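A single chain, nothing else alongside it, follows as structure tokens in the form predicted on its own.
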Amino acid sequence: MSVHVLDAMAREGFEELLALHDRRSGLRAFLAIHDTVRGPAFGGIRRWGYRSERDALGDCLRLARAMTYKCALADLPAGGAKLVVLDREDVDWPAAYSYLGEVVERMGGRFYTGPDVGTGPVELASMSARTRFVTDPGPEGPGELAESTAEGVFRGIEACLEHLDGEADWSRRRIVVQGLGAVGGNLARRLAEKGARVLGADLDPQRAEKLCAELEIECLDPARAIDTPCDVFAPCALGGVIHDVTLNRLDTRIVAGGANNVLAKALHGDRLHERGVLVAPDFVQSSGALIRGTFFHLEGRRVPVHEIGERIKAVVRSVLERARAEDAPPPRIAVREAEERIAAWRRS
């Protein structure tokens, strides 16, 4: 492992990084534990076709750190982690997820994991036969994870609109939802029920057409979603959607979605702030499933979805008010506040 990786871990406060290779299944993966000062680390399993191992490792570290930030601002007795799996054709996936279950079990409760892009109920069921520390997709699990995340995003958007205009006034709002999977689809449904004009886009045309027809909302070409004029652009697919190229194409007042790491770099948030675009901190907006899962695993209770939404809205509102007072981009304020809390926990 390159010494530069160790330098990066030390600089960002990481505790542990595992490079995983299973000879039987062909699995290759990275597991990063960022922080366990307040409690066990939580993070889902992202399976994606990365261009290189370097890209997969970088994503793993970024996502693990973001999970700690989520825990800090949600005031959860937990820290952040991430398990990133390289999606390759020659892998025996049932065996691979069974192996991952064994890895998680060996950690003895220091790491809890669950769904993410590419890892759903089938994969989690394979793991739950091997470990106690995974989100069970069945009736014995926490349930309503996507609904919890979507509710948090919805209430975060509400906080943004109230921050700018004093009220949500949904009937006047034009909102683009990019990504109509479990989270984006639930969000689009909530917005449509409130009377907002919703425009949905997804790389899977069949999924997009089906949901848009069901909700009676406009279906967008995914290549043009970021160009579409709107009040709110809600990215709910993969991160990094706002970068040097797309930044200047964006035509919105608010960026607030359920994807992690929406900004390719923090400076892109700075540039949007200079243009007067309000960017909600994504690791606050998307923390609903984490809140639901953490309380279920550590306290054995299912927090109602509406309570999760209220909790997230309160945090978003607080960050936006501080950002306005300091004339700073909200993502910068959210990171600063999370790091202040983490530093205080480590000192104590």
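Numbers follow the displayed sequence, beginning with 1. As the structure is a computational prediction, the values presented were derived from the model and not from experiment.
Heads up, the form predicted together with a small molecule isn't pictured, but that's what we're talking about next.
Under a 4.5 angstroms non-hydrogen atom cutoff, the small molecule in the model of the complex lacks G141 among its neighbouring residues. Although the partner is absent from this view, E151 stays clear of the small molecule in the model of the complex, with no non-hydrogen atom inside 4.5 angstroms. Using a 4.5 angstroms threshold between heavy atoms, R65 stays clear of the small molecule in the model of the complex.
A residue is said to contact a partner when one of its heavy atoms sits within 4.5 Å of a partner heavy atom; R207 meets this definition for the small molecule in the model of the complex. With respect to the small molecule in the model of the complex, the three residues G43, E105 and M107 uniformly fall beyond 4.5 angstroms at the level of their nearest heavy atom.
Segments offered: 236-244, 166-174, 126-134, 91-99. Contacting the small molecule in the model of the complex at heavy atom distances within 4.5 Å is 236-244.
Proximity to the small molecule in the model of the complex, defined as a heavy atom within 4.5 Å, holds among G80, G269, G179, G114 only for G179.
Shown without its partner, this chain lists L215, L203, A264, C219 as candidates; in the model of the complex, only L203 has a non-hydrogen atom within 4.5 angstroms of the small molecule.
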